[in-house]
Ligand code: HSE
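Heads up, the chain below is alone and in the form predicted alone; it's given as structure tokens.
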Amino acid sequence: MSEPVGVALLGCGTVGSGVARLLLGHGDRLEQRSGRRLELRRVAVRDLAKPRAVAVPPALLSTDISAAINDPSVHIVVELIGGTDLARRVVLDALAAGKHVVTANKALLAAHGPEVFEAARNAERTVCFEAAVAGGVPIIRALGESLAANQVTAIQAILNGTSNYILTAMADGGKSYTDALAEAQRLGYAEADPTLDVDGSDAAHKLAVLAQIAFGVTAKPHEIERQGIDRIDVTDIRFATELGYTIKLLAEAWVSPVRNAEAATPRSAVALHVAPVMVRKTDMLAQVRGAYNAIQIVGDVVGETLYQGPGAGMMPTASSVVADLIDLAVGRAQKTFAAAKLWSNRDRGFTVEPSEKVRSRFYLRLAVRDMPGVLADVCRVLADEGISISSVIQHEAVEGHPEQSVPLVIMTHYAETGRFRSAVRTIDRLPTVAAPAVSYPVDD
């Protein structure tokens, strides 16, 4: 009989309770999958008296994180504390103590990935993080292993279930953003302070992790362009429906063609951004509803693939955490970690550049004065930037628009993002435009 694997759990909130439930209640099944017993030996929490969704034996509970990390019977430390400051310290301490680490902390990896992974390599230990992106969807393993024969050329992903739930409620139920957010909070899909979810920060953290695996680029969250859903108006939801689209908050990575192919190390640019995007209703990503996540990966060999499932929650995320524990027990994770060299100085020929050069179609909604010549003025500005128009919709005045103005909706043909933004800035200065323009990229 192989020696059991001792596990210390740091944090026993929603996800930690799910991990404890699996380790305590399904030990036989996990032993069959890993060939070794996974034994929960320490659980460190902030408050011993706090109610939990799992009955943890009192002898395992403690508020002493250091004791849990340095226990010689512990081989793997599972970090589920959240945040970055304390999490960074305990992960570095665990690696220095000779423990492997499993984490679900995308913010930690996005902010401190190079430091954490260098410490792991120096300690000859492994960091696993399947649960850090998309909860129960095994996208980290898919990118790092199943798609290893490919060079990824594009990523489009719904990575925040809270935002997706709100947008679904707005599109299907006609709710305002405020009402949809309140419903999400009531059902437990959104936190009391939902800022990181609705402003795109959470998705940007996850995109930074995916970009490291797919392209070897290290992008800090503040370096990723992001626009959240907190300013989406139900008017745009309605126009999107009329045009055959739905709006989704997408985390995207686009690879430009190789530049200077004759150089010793040809380089390609990767544009990373998070923004609401109008997606055709027939597209697979448009069908992802509620609090689910989905990641569409395009590889140069396999083509287009889609991974979908619950992106958060106790048991889906716990499923990914325990899968990492099994991989460590078997020994697979250690080999993959050593070969991947994530967050290292290895140059894979990609650089992160702003998205101004990304070509897209665009949706543009204006509140314009109801007078002759307005459309000609707008078309002239677009033409000056080399942007052609695909279609125009002009209805009578609708509720919510400034007085004596009407909504004018324009769908463009493909144009460079930078030139479109320049056109919008000019359009906003036209005397016939009554309010700042609203625009979204259009995915076709």
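Only the largest set of C-alpha atoms that superpose within 1.5 Å between the two forms is called the rigid core. Residue positions are given as counts along the sequence shown, with the first one as 1. The structure displayed is predicted, hence computed values, not measured ones.
The protein also exists as the form predicted together with this ligand; that form is not presented, and the subsequent description refers to it.
- Of the listed positions (246, 156, 162, 126), a single one reaches within 4.5 angstroms of this ligand by any non-hydrogen atom in the model of the complex, namely 162.
- The partner is absent here; in the model of the complex, the one residue of 350, 239, 189, 307 having a heavy atom within 4.5 Å of this ligand is 189.
- Under a 4.5 angstroms non-hydrogen atom cutoff, this ligand in the model of the complex has residue 312 among its neighbouring residues.
- Within 4.5 Å of any heavy atom of this ligand in the model of the complex lies no heavy atom of residue 252.
- In the model of the complex, at least one heavy atom of residue 202 sits within 4.5 Å of this ligand.
- Using a 4.5 angstroms limit between non-hydrogen atoms, residue 99 is distant from this ligand in the model of the complex.
- The stretch among 362 to 370, 277 to 285, 191 to 199, 225 to 233 whose residues place heavy atoms within 4.5 Å of this ligand in the model of the complex is 191 to 199.
- The two forms, fitted on the rigid core, differ between this form and the one not shown by less than 2 Å at the CA of residue 347.
- Once the rigid core is used as the reference frame, the Cα position of residue 193 differs between this form and the one not shown by 2 Å or more.
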